[in-house]
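In the block that follows, a single chain appears as structure tokens, in the form predicted on its own.
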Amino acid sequence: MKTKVSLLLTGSELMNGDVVDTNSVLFAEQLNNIGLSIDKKVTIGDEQELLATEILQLSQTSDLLFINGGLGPTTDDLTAEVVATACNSKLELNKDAHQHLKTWAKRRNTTLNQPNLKQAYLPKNSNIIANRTGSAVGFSVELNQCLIICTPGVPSELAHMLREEITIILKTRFVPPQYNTLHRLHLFGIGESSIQALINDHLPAWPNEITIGFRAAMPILELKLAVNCQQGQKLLPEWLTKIKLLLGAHILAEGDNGNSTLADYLVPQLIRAHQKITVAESCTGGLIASQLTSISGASAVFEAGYVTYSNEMKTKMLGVPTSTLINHGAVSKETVIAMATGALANSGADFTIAVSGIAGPNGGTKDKPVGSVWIAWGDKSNIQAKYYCINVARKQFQHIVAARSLDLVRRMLIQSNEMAHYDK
């Protein structure tokens, strides 16, 4: 029998748009990993009566209710109080929560004040859920045979608690379906509609027992294959192999742990191959280098990059001939190849990326409209260049150019012969 799960998000800041809800994603991801899913989500501001009424109603229709937010030290943090009201109970000083606060204060060499102590008063008979990073513990209570779990609204604290504490509780109480499996593929350079069209054309007999789902997180797309029956489990290996062959080099990795940039996937590959990379950037202004150096261990594969925004610096730092810039312009195949060649010569790296484009919103011409970009990539024996027109907002343009550039090197490193046909 399916476990009915509800999520109640609290806080007026969510209602008026001051804070963007990212915590729902954290809940959904962790629940999916253990075979559970959210059936209903409700957001309510800091209104005591509304919150208590909603908690009571949700407890009558749910097996599991998460309440997120409202555990802080201020007067508008109402969760403990409204849960006590819904349970027809009272707040009392919880010794474990109090000790947690004292330890938290000692680590920070500070003294607990009265607002902080408010966080130690919880509904009677609450069970504490540890929070190793913040001042507010989580807690759980039972109401109408529903397990209510209350968590802090700070995303970093919630993420730790879900992984380290809450999933253990849930696995003990809520047994996932026997045949529940979720397999993830992390993709780049292809969109949902293109994937669906490929499946329709090349895998028309796709089995109903394997459900296809997507989660887009620019620039990475996650493809999810879900099964919840014995036949689906039996069929999954065969059809997983088929779809992996179909998607080819668009697949960055598979498994539960996705990453946020193409650099997250490229840097480990360069480390394994004992290869180094350099970059020569114009329109991206150092974004590619920044993404590379944000990865732990990047110093083993990245020693230098060049941000040459002006034509003068392209010539001075990278040796781009003045005649090339005059005859072909900064945004040209000839210029980015010269930039890439100069970066390789200066740095001694094994691979290179060079980009030059018109990020906009101004600067375009009839021949080179806004969004035009030339990307060069390769090694000492083979530098290639390709033109794209990516007519989007300036910041998005820069991120797309960075992602495609890194992906072109990734494809070269894995010796893929597939042509990259990027969806916007």
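The first residue of the shown sequence is 1; numbering continues from there. So that the term is clear: the rigid core is the largest set of C-alpha atoms that superpose within 1.5 Å between two forms. From a predicted model like this one, the values you see are computed outputs, not experimental measurements.
Another form exists, predicted together with a further copy of the same chain; not displayed. Remarks below refer to it.
Peer 1: Among 306 to 314, 329 to 337, 151 to 159, 202 to 210, which stretch has residues whose heavy atoms lie within 4.5 Å of a further copy of the same chain in the model of the complex?
Peer 2: Looking at the other structure, the answer is 306 to 314.
Peer 1: a further copy of the same chain isn't shown here, but in the model of the complex which of Thr110, Asn113, Ser294, Asn125 has a heavy atom within 4.5 Å of it?
Peer 2: Contact residue from the list: Ser294.
Peer 1: So which of Phe214, Phe174, Tyr265, Tyr121 gets a non-hydrogen atom within 4.5 Å of a further copy of the same chain in the model of the complex?
Peer 2: The residue in contact is Phe214.
Peer 1: Mark Ala298 yes when one of its heavy atoms lies within 4.5 Å of a heavy atom of a further copy of the same chain in the model of the complex, and no otherwise.
Peer 2: Ala298 belongs to the contact set for a further copy of the same chain.
Peer 1: Does Leu408 reach a further copy of the same chain in the model of the complex, with heavy atoms at most 4.5 Å apart?
Peer 2: Leu408 lies outside the contact set for a further copy of the same chain.
Peer 1: Please run the contact check for Asn346 against a further copy of the same chain in the model of the complex: heavy atoms, 4.5 angstroms, yes or no?
Peer 2: Asn346 belongs to the contact set for a further copy of the same chain.
Peer 1: Please determine whether Lys368 contacts a further copy of the same chain in the model of the complex, using a 4.5 Å cut-off between heavy atoms.
Peer 2: Residue-level check for Lys368: no, no contact with a further copy of the same chain.
Peer 1: Given a 4.5 Å distance limit between heavy atoms, list every residue of 272 to 286 close to a further copy of the same chain in the model of the complex, or none if there are none.
Peer 2: Counting only heavy atoms within 4.5 Å of a further copy of the same chain in the model of the complex, the contacting residues of 272 to 286 are Thr284, Gly285, Gly286.
Peer 1: Using a rigid core superposition, assess whether Val20 undergoes a CA shift of 2 Å or more between the shown form and the other one.
Peer 2: The answer is yes, as the C-alpha of Val20 shifts between the shown form and the other one by 2 Å or more after core alignment.
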